[in-house]
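The chain below stands alone, shown as structure tokens; this is the form predicted on its own.
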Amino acid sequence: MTILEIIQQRHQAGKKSIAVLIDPDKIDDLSRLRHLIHLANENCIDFFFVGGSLITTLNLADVIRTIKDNVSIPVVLFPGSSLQIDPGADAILFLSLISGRNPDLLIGQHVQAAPILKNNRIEVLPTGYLLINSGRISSVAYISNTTPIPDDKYSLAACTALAGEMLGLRLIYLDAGSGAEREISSKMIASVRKTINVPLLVGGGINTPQKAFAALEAGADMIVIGNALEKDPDLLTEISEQVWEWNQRVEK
């Protein structure tokens, strides 16, 4: 079964997933990375996302290799550009930044990446990527030269996501950005969830179990946790317990 099929199957069953986002630029100690990997494995997370808005180091391949050497959890690239492709990954979020109007991130980078991906065995996950305002300019908003959707424009976000689904994108990702000042509101998540049928991923600003549960309850199929784990790795245990309990209820 492909990674996309797994995500779709879980969505159809009403089950929730967790992805841990690792920014290679913030990995300066592989022993700390191994600790996070083992913590994630103990808590049965579903995916590792690897990437960032801007990667200035050369350790992308090392990070992916370290994960693959220690656990069997799928590694999915979360690229900021076509330069962030590594054949060691299992899949790639082929992100089209549909909330912005920068043609390079709507299709330009994809044209450069397509032949590289075709010649590798990386599974391609066509994903509509929407930036939602989180109270301050995030790295991804600055690098992408796009304006996030205002956090009170629920219909605009929902219609943008719907357009992405109609264009054939298989996943929708709502992101407040790395180190977001605040998480995406439940009302925003619910508005998008009611409008689309494809799996919905939500990330940015999820730094407490309460915020994680609120996102899941509002309709997120998968929550993505990154920066918060740098300050409190044990947060993953609390969130994973909530996801496990949710999925147990669904199975009954």
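These figures come from a predicted structure and were not determined experimentally. Numbers follow the displayed sequence, beginning with 1.
One more form of this protein exists, namely the form predicted together with SN-glycerol-1-phosphate (1GP); it is left out here, but the text below deals with it.
Enquirer: Have a look at 33, 218, 45, 225 for me and say which one sits with a heavy atom within 4.5 Å of SN-glycerol-1-phosphate (1GP) in the predicted complex.
Expert: The residue from 33, 218, 45, 225 that makes the contact is 225.
Enquirer: Would you kindly say which of 180, 169, 158, 130 lies with a heavy atom within 4.5 Å of SN-glycerol-1-phosphate (1GP) in the predicted complex?
Expert: Only one option qualifies, and that one is 180.
Enquirer: Looking at 34-42, 199-207, 66-74, 186-194, which stretch has residues with any non-hydrogen atom within 4.5 Å of SN-glycerol-1-phosphate (1GP) in the predicted complex?
Expert: Residues of 199-207 come within 4.5 Å of the partner.
Enquirer: Does SN-glycerol-1-phosphate (1GP) come within 4.5 Å of any heavy atom of residue 21 in the predicted complex?
Expert: Judged by the heavy-atom cut-off of 4.5 Å, residue 21 is in contact with SN-glycerol-1-phosphate (1GP) in the predicted complex.
Enquirer: For a quick check, can you give me the residues of 63-92 that have a heavy atom within 4.5 Å of SN-glycerol-1-phosphate (1GP) in the predicted complex?
Expert: Sequence-ordered list has one entry, 78.
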